[in-house]
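Take a look at this single chain in structure tokens; it is the form predicted alone.
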Amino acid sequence: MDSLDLQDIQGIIARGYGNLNAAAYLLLHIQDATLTKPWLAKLADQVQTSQDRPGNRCLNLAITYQGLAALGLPESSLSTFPTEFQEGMTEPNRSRVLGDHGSNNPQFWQWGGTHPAQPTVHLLLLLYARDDRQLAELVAELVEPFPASGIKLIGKLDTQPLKDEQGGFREHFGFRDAISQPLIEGLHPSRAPEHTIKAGEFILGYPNEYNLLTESPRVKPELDPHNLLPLGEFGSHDLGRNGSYLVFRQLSQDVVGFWRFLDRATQHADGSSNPDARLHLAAKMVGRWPSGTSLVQSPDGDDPSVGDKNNFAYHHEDAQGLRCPFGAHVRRSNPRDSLGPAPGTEQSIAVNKTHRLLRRGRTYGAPISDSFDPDEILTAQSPGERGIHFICINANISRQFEFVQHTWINNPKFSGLYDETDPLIGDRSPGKLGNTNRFTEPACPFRNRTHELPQFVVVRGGAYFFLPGINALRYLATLA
């Protein structure tokens, strides 16, 4: 295996900067590329790499297809990027695949959408710091030269970490998050082979799970006279090596609506609340208890004492879905060893490895309850918006992010089900496929079904970004 060029790989691939609590994302539009490119050349020296852990603050940078064109990358190179990146997240057929219609329609997005009044997102700055004060200083330093650098700030997306008493990160519905992450071969210590993924699934220029190189964008040799880029296929120079693709989706969560729905669905016959049944249904829909413990590990109640909350599989432990329902969010988003044609075998795990995502997102908005207590949430007023800035890294957007979203999350017939999608983030109105607002819990002798699930999560913005290696950033700054 080729050793990884850590000094050329942006740091967000290697780590999620968990030691840096404060973060913000700046959405930028290039107004004058002749002014922007000198700024980009200087910024390339500040971009955090994967070689070292950051200190008190750091930044990474990603670019849309339109941003590459605005910088002057020629058509001969732009055409070598994958179709899904060229067309973008809001292309009509892609919106259908992703479930971005109805309330998720890009015409309603706050950024990155199709409304003609919205400026096009060209650049994304991902900023991290130890605390809010240092983050504010970093933002001010970076924003100050924007006017002189031909850059317009479209928006600043703030984040707010949600931590429980044990120091773990939660999302707004109240469940422990960021538990199941793939380990990159050659970068992370490999203690779990089933979770260790070849580097090429996340970083261009290295073998993927098929032992092939994922297709990488290229530059004609004469367009790289200073040889800033390594040699690539077909005598070209490799613009993609040590880079990746970053998917960003801003997902707004209806926290009060989520818990009120669960409360109504599990009431006693006299109309009074049943907190135990309410929590159990929530856990069934998520696939984990609030502590992060999987229902496979503890089907009857939460068990925070479970040490390794990622040490489980589905086929041998729960082939019938009696512990963790087939349609649960975590079982759809990562089916582990339950995939055909040979569930429960290394072959099944190998199939799953070709669709893994490296998640790097953060929550935003103030929590309704600091203790994540459903009883407090049920009676709370909920001004403001809250949710997740979903960010994932993948070398092949189509085979990884889009596959997971379309074939697992929004597939009404996933794992033998019929007419239902992911209970948390699934598409509730896929047209000809019928109603998908139900959730099935396999049980013996009779299954349980919950009907009329509303849309708990709504897309507020999003885009596909190229995450270049450091040398590629320097090359882009030299474009004529």
Partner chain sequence: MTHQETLTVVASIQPEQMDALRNVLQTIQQNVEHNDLIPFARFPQVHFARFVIMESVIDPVGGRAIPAQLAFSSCIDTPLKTYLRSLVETAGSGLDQVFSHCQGYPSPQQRTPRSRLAYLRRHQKKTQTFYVNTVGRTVQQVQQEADLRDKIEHFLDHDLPRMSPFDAASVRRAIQNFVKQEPALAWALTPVARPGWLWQLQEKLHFAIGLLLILLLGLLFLPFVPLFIILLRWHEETAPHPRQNPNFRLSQFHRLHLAQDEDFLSQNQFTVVGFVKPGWFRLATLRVILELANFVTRHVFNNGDLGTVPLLNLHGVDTIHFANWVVIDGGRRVLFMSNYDGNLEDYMNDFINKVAWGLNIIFGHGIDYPKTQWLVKGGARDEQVYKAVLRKYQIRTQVWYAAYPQLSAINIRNNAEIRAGLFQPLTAAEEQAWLLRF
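Positions refer to the first chain, counted from 1. Predicted, not measured: the structure shown is a model, and the values here were computed from it.
The following text describes the form predicted together with the partner chain, which does not appear among the structures shown.
Colleague: Consider the chain as shown here, without its partner, and state which of 74, 340, 119, 221 has a heavy atom within 4.5 Å of the partner chain in the model of the complex.
Modeller: Going through each option in turn, the one that passes is 340.
Colleague: So which of 312, 403, 372, 261 gets a non-hydrogen atom within 4.5 Å of the partner chain in the model of the complex?
Modeller: Here the answer is residue option 403.
Colleague: Checking a candidate spot here: are 254, 331 and 386 all in contact with the partner chain in the model of the complex (at least one heavy atom each within 4.5 Å)?
Modeller: Judged in the model of the complex, none of 254, 331 and 386 sits within 4.5 Å of the partner chain.
Colleague: Choose one stretch from 51 to 59, 22 to 30, 436 to 444, 35 to 43: the one whose residues place a heavy atom within 4.5 angstroms of the partner chain in the model of the complex.
Modeller: Answer to the contact question: 436 to 444.
Colleague: Is it the case that residue 140, even though its partner is missing from this view, gets within 4.5 Å of the partner chain in the model of the complex, heavy atoms only?
Modeller: Close contact is absent here: in the model of the complex, residue 140 is far from the partner chain, nothing within 4.5 Å, heavy atoms only.
Colleague: Looking in the model of the complex, any heavy atom of residue 190 within 4.5 Å of the partner chain?
Modeller: Heavy-atom contact with the partner chain at 4.5 Å: absent for residue 190.
Colleague: So, in the model of the complex, is residue 322 in contact with the partner chain at a 4.5 angstroms heavy atom limit?
Modeller: Residue 322: contacts the partner chain in the model of the complex.
Colleague: Flag residue 394 as yes or no: does it have a non-hydrogen atom within 4.5 angstroms of any non-hydrogen atom of the partner chain in the model of the complex?
Modeller: Because no heavy atom of residue 394 falls inside 4.5 Å of the partner chain in the model of the complex, the answer is no.
Colleague: Taking the partner chain as it sits in the model of the complex, which residues of 86 to 111 have a non-hydrogen atom within 4.5 Å of it? Please list them.
Modeller: Heavy-atom contacts within 4.5 Å come from 86, 87, 91, 93, 96, 97.
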